Ligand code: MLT
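In structure tokens, one chain follows: the form predicted alone.
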Amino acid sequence: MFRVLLTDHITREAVDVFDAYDSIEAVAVGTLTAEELVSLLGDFDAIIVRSPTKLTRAIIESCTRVKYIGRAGVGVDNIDLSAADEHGITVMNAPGGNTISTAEHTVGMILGVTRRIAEADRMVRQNRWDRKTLRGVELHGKTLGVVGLGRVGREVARRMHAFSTEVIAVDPVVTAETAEDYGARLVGLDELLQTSHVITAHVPLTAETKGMIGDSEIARMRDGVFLVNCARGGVYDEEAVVRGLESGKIAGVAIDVYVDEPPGAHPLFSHDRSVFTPHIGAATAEAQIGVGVEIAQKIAKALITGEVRDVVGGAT
């Protein structure tokens, strides 16, 4: 009998996947402390987590029986991949389940920051009616720069054409033909920085992408640019972004993800012409079911047949 621990209140539909197998027992729990995880994991063959659970080296070293870690979502920065590799544990993610949800949220954030929707909402709630101070920017005829044309970036590009927006993109592993299929034109990073009115990032947080948009990159952008990040905190250098806002180089930002979550009293939040949300890009009922079912199916197949898909680290 294989045993799988599902943490972070993963949806019932994910548990149902395992219930279809007589040889797999699934145990669903909430978000556990590090001590609770260490005390439990010796009795499980696999564990599935969402972003709240941090699988540190110390926790992974206690996984004497675990062979598979599943991430119900895309990012795996909450999992120590080196420790998993050293202990022969395969790490898989579910990159497809929340694609549409995150893409739709990104489009909403673009609209929110360019049309100053959050500011307008606060004004009305405060019984103020000063419309002339809320002049926004049309997306029609503007250029959107997409950094990373993966699953989410492609869906954002596709949707932005409804606004008659030119979409340009940077992605070293995507062909020009693939980009064109989604209505985007591949360019170099310099061209994207210099010509985009709005820039949105859709890359994982890695050693190569951490802080990839910093002071130097912001200096090369057009004046009054808008920056959007619904991917991973740390892709934009947050302190550099603050400096860009203070200088006026950046007109506004729309941010869903942060280096530290929750971010606390960050200097970013003193800038009104911006929109901030608490990492809710994938926070739809459909997305949570999608990522839960997707990773559950992969873990079940791995346990039964040894076949693995979407391996993002650990033992391969």
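Residue indices: 1-based, along the sequence shown. Remember, it's a predicted structure, so these values are computed and weren't measured experimentally.
The following text describes the form predicted together with this ligand, which does not appear among the structures shown.
Heavy atoms within 4.5 Å of this ligand in the model of the complex are found in exactly one of 241-249, 140-148, 208-216, 69-77, that being 69-77. Residue in contact with this ligand in the model of the complex (any heavy atom within 4.5 Å), chosen from 106, 114, 90, 98: 98. In summary, among the residues 284, 62, 277, 51, the only one with a non-hydrogen atom within 4.5 Å of this ligand in the model of the complex is 51.
This ligand in the model of the complex comes within 4.5 Å of no heavy atom belonging to residue 202. Contact annotation for residue 154: none of its heavy atoms lies within 4.5 Å of this ligand in the model of the complex.
In the model of the complex, just one residue of 232-255 lies within 4.5 Å of this ligand by at least one heavy atom: 232.
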